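First, one chain by itself: the form predicted alone, in structure tokens.
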């Protein structure tokens, strides 16, 4: 299996819902990934080309009605997930390796948790937690080691970064706890101990 990017996963996940043309796909990606991770057409279309070349998506074009004299509207290409793309997406969603815990991969994976198996969700959340705990330890060491040598603004910046990591750790702990409660409820309903 080839290594995918977070953008490719997001594209495949959105196309699983319905076929989309480039403009609508970019709009939904921006909504999915948030304003801080806006996807440019310069990133979107190469990713679409790669997915098409790999056989994971198909393209269909339709030429719109002619516009004013001597011009026609550009063909609008609609992208659809192929059967191969559906299988590739399922394989991606079943993965819980280290790349799913990192900043780039985690947000996209979280956006598709509703179509991800519970055990995979739990492994990704625990992996993200361990990655954040490592980051927190590094930041704490950095703050302690440099406190005497840096100005108050840099200290505030470091403290702000540490606060952000600690907030995300609390949030991840809440998600893990909710996932555990959900699994317990499902097991109780099925009579599994």
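Because the structure is a prediction, the values reported are computed rather than measured. Residue numbers count along the first chain shown, from 1.
We do not show the form predicted in complex with a further copy of the same chain, though everything after this point is about it.
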property: Touches a further copy of the same chain in the predicted bound form: residue 53 (any heavy atom, 4.5 Å); result: no
property: Interface membership of residue 130, a further copy of the same chain in the predicted bound form, 4.5 Å heavy atom rule; result: no
property: Partner contact for residue 59 in the predicted bound form: a further copy of the same chain, 4.5 angstroms, heavy atom; result: no
property: Partner contact for residue 135 in the predicted bound form: a further copy of the same chain, 4.5 angstroms, heavy atom; result: yes
property: Heavy atom contacts to a further copy of the same chain in the predicted bound form at 4.5 Å, residues of 123 to 152 in sequence order; result: 135, 139, 142, 149, 151, 152
